[in-house]
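Quick heads-up: it's one chain on its own, the form predicted alone, in structure tokens.
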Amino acid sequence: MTAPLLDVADLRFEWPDGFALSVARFALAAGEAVAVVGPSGCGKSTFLHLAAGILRPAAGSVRFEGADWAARSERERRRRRRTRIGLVFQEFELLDHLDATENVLLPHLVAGEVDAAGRARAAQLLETAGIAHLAGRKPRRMSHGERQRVALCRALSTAPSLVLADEPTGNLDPASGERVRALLLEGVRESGGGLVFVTHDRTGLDAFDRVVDAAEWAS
């Protein structure tokens, strides 16, 4: 049987303020899209940071592509996040001095590996997202929704095996939110990767293979 793409077992994490997150088991298969739903403050963002190897659990394990994050060096964790994981942050984290194309290409720029194929993929992603006309525009001249779509394109630019999206439809109107969900689902299914889509919004969940209630994790 094929091992899960992401496998979380007996996870425990605690913040200094006393908030604790406990996840007995969470497994994501390659090609699977899972929505993690819950109110603000229940630990959804913390879970994504643990899944990406940014945070370390106090107990339990987080295995990505067959290996525990804890067994990898910091350099290897950074490399895998850059090349194998697409992260969509709540605040987008676009760089103001870069235009839309450069922001999409940021993982490649960091690695010093920008080539014609990467630029072609960036252009195609911007086209699919309906923002090709913004290719040379910087974030400060974009709307909230436009910046969100650039962030999504960046997350998909390396054709990652795992996409972790933190409230990607937050503060978007229903039509824009639906477009964002469709872009992410189309992108990961095209690459055969997995998607963890964190949200407090319970609309549009029928598009996912599975829905997990994050409220059960907080203590």
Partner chain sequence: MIGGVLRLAWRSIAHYRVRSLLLVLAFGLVFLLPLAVDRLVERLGDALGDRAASTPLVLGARGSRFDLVLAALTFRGRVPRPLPLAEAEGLRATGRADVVPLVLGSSVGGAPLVGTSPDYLERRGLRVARGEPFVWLGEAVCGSAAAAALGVDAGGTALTDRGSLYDLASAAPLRLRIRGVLAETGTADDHAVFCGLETAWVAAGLAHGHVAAEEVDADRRLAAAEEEGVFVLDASVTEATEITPENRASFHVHGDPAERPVTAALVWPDDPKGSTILRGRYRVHDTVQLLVARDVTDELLGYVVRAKRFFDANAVLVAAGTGLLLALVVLLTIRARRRELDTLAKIGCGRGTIAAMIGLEFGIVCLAGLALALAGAAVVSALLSAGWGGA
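Residue numbers count along the first chain shown, from 1. Computed from a predicted structure; not experimentally measured.
FYI, the form predicted together with the partner chain isn't displayed, but the following is about it.
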*4.5 angstroms heavy atom contact with the partner chain in the predicted bound form for E146*: no
*Contact test in the predicted bound form: G118 vs the partner chain, heavy atoms, 4.5 Å*: no
*Verify the contact flag for E93: yes if a non-hydrogen atom of it lies within 4.5 Å of a non-hydrogen atom of the partner chain in the predicted bound form, no if not.*
yes
*With heavy atoms only and a cut-off of 4.5 Å, decide whether L126 touches the partner chain in the predicted bound form.*
no
*So, R12, F19 and K44: all three within 4.5 Å of the partner chain in the predicted bound form by heavy atoms, or not?*
no
*For the stretch 63-94, return the residues whose heavy atoms include at least one within 4.5 Å of the partner chain in the predicted bound form, in the order they occur.*
R78, R81, R82, L87, F89, E91, E93
